[in-house]
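Only one chain is shown below, in structure tokens, and it's the form predicted on its own.
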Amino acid sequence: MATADTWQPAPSLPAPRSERGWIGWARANLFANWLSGLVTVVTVPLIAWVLWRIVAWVFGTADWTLIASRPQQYLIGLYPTELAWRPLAGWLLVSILFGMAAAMWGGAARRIAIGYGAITLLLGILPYGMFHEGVVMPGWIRALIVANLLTMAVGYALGRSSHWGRPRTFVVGGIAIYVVLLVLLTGLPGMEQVPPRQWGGLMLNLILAVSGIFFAFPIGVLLALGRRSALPVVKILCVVFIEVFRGVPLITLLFMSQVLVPLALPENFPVDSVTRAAITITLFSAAYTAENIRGGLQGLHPGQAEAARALGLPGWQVTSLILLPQAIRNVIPAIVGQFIALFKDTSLVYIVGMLDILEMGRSIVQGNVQFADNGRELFIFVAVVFWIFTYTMSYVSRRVERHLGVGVR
């Protein structure tokens, strides 16, 4: 008869030293076989040499005077210096949204908010004079920049509140802040007016991008649904709109908005060049967004719509509650990719005479003989600025996809 002695499995031994830690990682990824080892031996020294040359140029040979001497122009363009409190006040309001997002969603939103706060603090305390003699940021501007940390704290407190910390409040607050920002930049009645043609720098790129993203998405959804409509007139109009805007380069559309559209409008019609460019970019992006969403709708099994109709749901509920949420979830990577392309395309407005951050830097280089040889520094600086924003959008997209389980069956 078997005894009651319990059988104990042998304790698991740790993996060999050569298969764990950085040694194991290197063996599995860099020296898995002879070909992998050969590629590693050849490319690693080459990559190290290239990185060393880049670091030596950035911190040694490169002259960043072009960037350090005119920080305000890169941020707000030709906006009057004495009225710079207006965009800075709008910046304070935007910081509230970052604080609310960090409190409501945590995770990636909190990390982005922390990075945003660190950059803001750095901009507020950075001694510009040490990089370029004679460049000193006024104290009131420094105070307003650092005050963004306080408004972030206010937003965090609102996000933690059970009454204010809701997605609907966040969206409505974002729309309200955007409208207030536009009113502040232009000027209230009785205040000194600043026409949009004086807007510029990174501020102009962000305004055009936010306007395009905010309006292109709902317009794209309507166009996608219209293209799938059973009404011939609606379907034809949506198809023509989408194919025309997708078939014409954005540069051509921008020229048409600035040259041809005013001819069709009454004289002194109150639509400035920035508004026309924003409308053009929005419609151009909406056409591509519509095709992305239509692809998501076509990827759904028709049995879902049939089952919803069998339960007695009307058509608008089938679309809004069953089909659209799944379609948008499936095409999040494509939609975010389109929004990233939209943000980068805002740099094309320099062709129609707007001083975005790229054109502002180029005009400074061409207008000052001492900066004639600093073109590389300028374009690297602009590239880094665009990369920071686009990578943040991509990072948020990946986190949302992971949260929603996109691509997981």
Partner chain sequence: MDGQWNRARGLSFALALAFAALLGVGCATTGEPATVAPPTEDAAETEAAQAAPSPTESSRLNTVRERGRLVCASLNDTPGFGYLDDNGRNVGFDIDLCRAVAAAVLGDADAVDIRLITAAERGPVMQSGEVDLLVYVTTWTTSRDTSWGNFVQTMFYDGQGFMVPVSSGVTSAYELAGAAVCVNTGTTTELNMADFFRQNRMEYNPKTFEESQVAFEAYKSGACEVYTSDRSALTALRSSLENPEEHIILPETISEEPLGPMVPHGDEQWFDIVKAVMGILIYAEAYGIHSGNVDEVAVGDNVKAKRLLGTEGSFGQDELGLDQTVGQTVIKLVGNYGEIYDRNLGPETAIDLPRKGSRNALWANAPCSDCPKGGQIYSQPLR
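Numbering follows the first chain given and starts at 1. For clarity, a rigid core is taken as the largest C-alpha set superposing within 1.5 Å between two forms. Not measured: the values here are computed from a predicted model.
Another form exists, predicted together with its partner chain; not displayed. Remarks below refer to it.
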item	value
Close approach of residue 197 to its partner chain in the model of the complex, 4.5 Å, heavy atom	yes
Distance check, residue 163 to its partner chain in the model of the complex, heavy atom within 4.5 Å	no
Residue 149: touches its partner chain in the model of the complex, heavy atom cutoff 4.5 angstroms	no
4.5 Å heavy atom contact, residue 191 and its partner chain in the model of the complex	no
Candidate stretches 108-116, 85-93, 152-160, 182-190 - the one whose heavy atoms come within 4.5 Å of its partner chain in the model of the complex	182-190
Contact test, all of 175, 273 and 316, partner its partner chain in the model of the complex, heavy atom 4.5 Å	yes
Its partner chain in the model of the complex - contacting residues of 41-71, heavy atom within 4.5 Å	69, 70
Flag for residue 311, CA shift 2 Å or larger between the shown form and the other one after aligning core	yes
Per-residue C-alpha change between the shown form and the other one, residue 161, threshold 2 Å, rigid core fit	no
CA of residue 151, rigid core aligned, shift of 2 Å or more between the shown form and the other one	no
